[in-house]
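Following this are structure 1 and structure 2, which are two forms of one protein chain, each written alone as structure tokens.
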Structure 1
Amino acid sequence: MSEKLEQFQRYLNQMEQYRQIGEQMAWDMQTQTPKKGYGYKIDAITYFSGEKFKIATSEETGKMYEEMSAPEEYDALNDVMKLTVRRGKREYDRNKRIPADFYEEMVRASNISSKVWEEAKQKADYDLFCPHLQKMIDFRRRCMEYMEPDKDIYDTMLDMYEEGMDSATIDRLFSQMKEELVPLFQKIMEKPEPDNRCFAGDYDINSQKELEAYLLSYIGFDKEAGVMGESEHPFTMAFGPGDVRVTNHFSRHDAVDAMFSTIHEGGHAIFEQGINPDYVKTAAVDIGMGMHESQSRFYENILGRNINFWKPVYGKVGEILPQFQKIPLEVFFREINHVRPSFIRTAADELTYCFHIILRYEIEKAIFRDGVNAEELPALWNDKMEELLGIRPQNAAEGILQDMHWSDGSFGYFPTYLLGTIYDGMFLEAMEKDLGNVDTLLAEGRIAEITAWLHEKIHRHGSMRTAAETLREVCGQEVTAEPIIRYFKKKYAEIYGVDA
């Protein structure tokens, strides 16, 4: 090993240790730090993220990336290290182009904006938030200009969350979905709603946790390489393939919600647990959001909202939560596929969820392509809700204020949720070519074969391939929404008897 490579690996190790403690403190903050203990964590996070930033942006680090990128070093590297040098250098260069005082100002503004958003949401008062949202729009626009002066601003944003993705591709995908799925949704709306009164009840929290543990194991989560926690919003966090943590939230009045959060986060976690452990401390573990979301949604929706998924385990659900003994599986199945218009994205069903994302994507494009400003957004939001879902929010809290993403400037993030769903349609068809009918596999309790296929085709590769490369390898084609549209049409034809 060359001296320069050794030095680079020491640097990677150092960055990894800083990442470990950052994640560790974030995990603790979100799952168990008591109210009066936040200050200690914030002090430590601030101190060490400052130290990390100093190292990551030092001249010395820049020189190291220069040296590692020179042919005499670069050409001798294996593919994983090549990727790590390439991504690291790109990030270093991008960050170096941002003036330090501008960056500081943006971080400060973003912290303030997030705080104001919280208050504005509580008060359903968009006017309070509006000037801060405009600031975030302006800051992010300038930031992208610094980072990639020669590239379209919104494409740079998209690329940050899903490498190689651009709005030309998303336009094509989302417009086809809109065209096909809005009419499907309207047909469903003409059918009678399922009766869900039997789900009302008081569900013991400890039993819900027991069910979470059972379902996670069932779908393939390795308990020796993971932990379950509790937090306000469910999330997944990976220290490495050997320690992947999922959280959940529980309500005494709704056991179904936590069951699907379990399966969703379980999908994220199974991905992380399945990454080749040799990739630790390299860029090959930094998975794009779209591909990551494809796995959580594959488990949650493609598998979890299939009646066959439940056939081998529904008896166990009733054992752990006796209320379900009185609910026939068919009724449960109808309820977990209950399509209806709703204001809140995170509470939407599998079909209307797509519209919530398309709406946000169209608004982001309006901002960064057409120069629409913050003041115009609530009206735009409400019009689009009416166009897509046929309902109009009564206030901003159930409209434009509902998500935190924009408050800290995370534009370009939302589309990855729906990209994940689009990939899922493609993966499902590729999987059935290899393994045969998924309904049969699920009904026979052979979910381990599904997880093994996903491991082999997707998980173990980490981010060694871009999403486009993965789709080409696994599905033999470029990204397309047709499979997921076929899936939706077939599914709702069966459930609601709509002709597709």
Structure 2
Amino acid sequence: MSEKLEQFQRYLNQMEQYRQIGEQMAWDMQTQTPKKGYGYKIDAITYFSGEKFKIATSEETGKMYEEMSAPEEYDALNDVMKLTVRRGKREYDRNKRIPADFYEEMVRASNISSKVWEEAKQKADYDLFCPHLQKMIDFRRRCMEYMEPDKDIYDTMLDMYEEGMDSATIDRLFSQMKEELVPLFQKIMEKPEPDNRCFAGDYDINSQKELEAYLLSYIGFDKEAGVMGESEHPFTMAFGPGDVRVTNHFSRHDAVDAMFSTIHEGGHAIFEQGINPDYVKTAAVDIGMGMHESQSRFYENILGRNINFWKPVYGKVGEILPQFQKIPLEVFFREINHVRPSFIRTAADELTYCFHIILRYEIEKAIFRDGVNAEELPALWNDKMEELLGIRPQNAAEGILQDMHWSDGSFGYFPTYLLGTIYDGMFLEAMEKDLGNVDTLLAEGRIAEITAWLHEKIHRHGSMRTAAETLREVCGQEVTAEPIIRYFKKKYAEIYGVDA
């Protein structure tokens, strides 16, 4: 091993330790820091983020990347380290253009904004959050201008969450989804709704947590390499393949929502646990969010909303939550595939969920392409919800305040949810060519074979391949919405008896 490579690996180790500190504090901030302790935690997060940023953008680090990029060093590296050098050099060049004091100010504002969002959501008070959201819009705009001064701001944001993705590709895919699925949705709305009054009740929170643990184990979550927590908005955080953490949010009056948050976050976590452990401290663990969301949504929707998923486990659901002993599986199946307009994205059925993401994508473009400001956003949000779903929020909590993503400046993230859904249609067709009918596998309780296929084809590779490369390798084609559209039309034509 050359002296320069040893120096580079010491740098990667140093960056990993700073990441661990930051992630630990972020986890604590979201799950258990008391309200009066927010200020202390924000100070600490800001400090360590700033120190890490200074090291990552130092002249010494820049020189190191130049040396590692030189042919005599680069050509001797393995593929994982080549990827790490390429991506690291790109991130260095981007981040070096960001003033350090601006970066620290942005980190601090982001953490303050996130906590104000929580309070604003609980109070349904958009006026409380509005100035913080405007700050995050301004910070992210300036940040992208520093990073890529010659590139479209919003395309830079999209590329940060899904490498190689741009708005032209998303426009094509999302336009096709709207064109094909809006008419399907409208036909379903003409059909009688299933009677879901039997789901009303009081569901013990501790029993819901027991069910969460059971479902996570069933789909393949390794509890020796992960833990569960609670937060206002469910999320997954990976410290490494051996320490992957999921959170959930529980309601005494709705057990189904927490079940599907469990399966969704479990999909994220299983991906992280399945990454080749040799990739730790390299860029190969930095997975694009479109591919990440494909896995969470594959488990949640393609598998979890299939009646056959529940056939081997529905009896256990009834043991843990006795109310479900009185609800036939077929009634449960109709409810978890109950297509209806709803205000809350995370509680939406898988079909109308697509419209929730398109709404957010169109608003993000309006912000960064058309200059729409934070004060104008609630009205724009409500108008688009009425246009796509035929409903209008009565308050900000069920409208623009429902998601945490914009509070920390994560603009460009939302489209990855629907990109992941589009990838899922492609993965399902490829999986069935290899394993046979997924309905049969699920009904026979052979979900481990599905998880093993996903591990082999997707998870273990981490981010050694871009999403486009993964789709070509696993599915043999470029990204297309056709498979997921076929899936939606076939499934919901059968459930609702409509002509798709």
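By convention here, residues take numbers in order along the sequence of structure 1, the first being 1. We call the rigid core whatever largest set of C-alpha positions still superposes within 1.5 Å between the two forms. As the structure is a computational prediction, the values presented were derived from the model and not from experiment.
Two forms of the same chain are shown on their own. Structure 2 is the form predicted alone.
Core-superposed comparison between structure 1 and structure 2: the Cα of Tyr146 travels 2 Å or more. Once both forms are fitted on their core, a CA shift of 2 Å or more is seen for Gly390 between structure 1 and structure 2. Core-superposed comparison between structure 1 and structure 2: CA of Lys281 displaced by less than 2 Å. Core fit done between structure 1 and structure 2; CA of Ala120 shifted by 7.2 Å.
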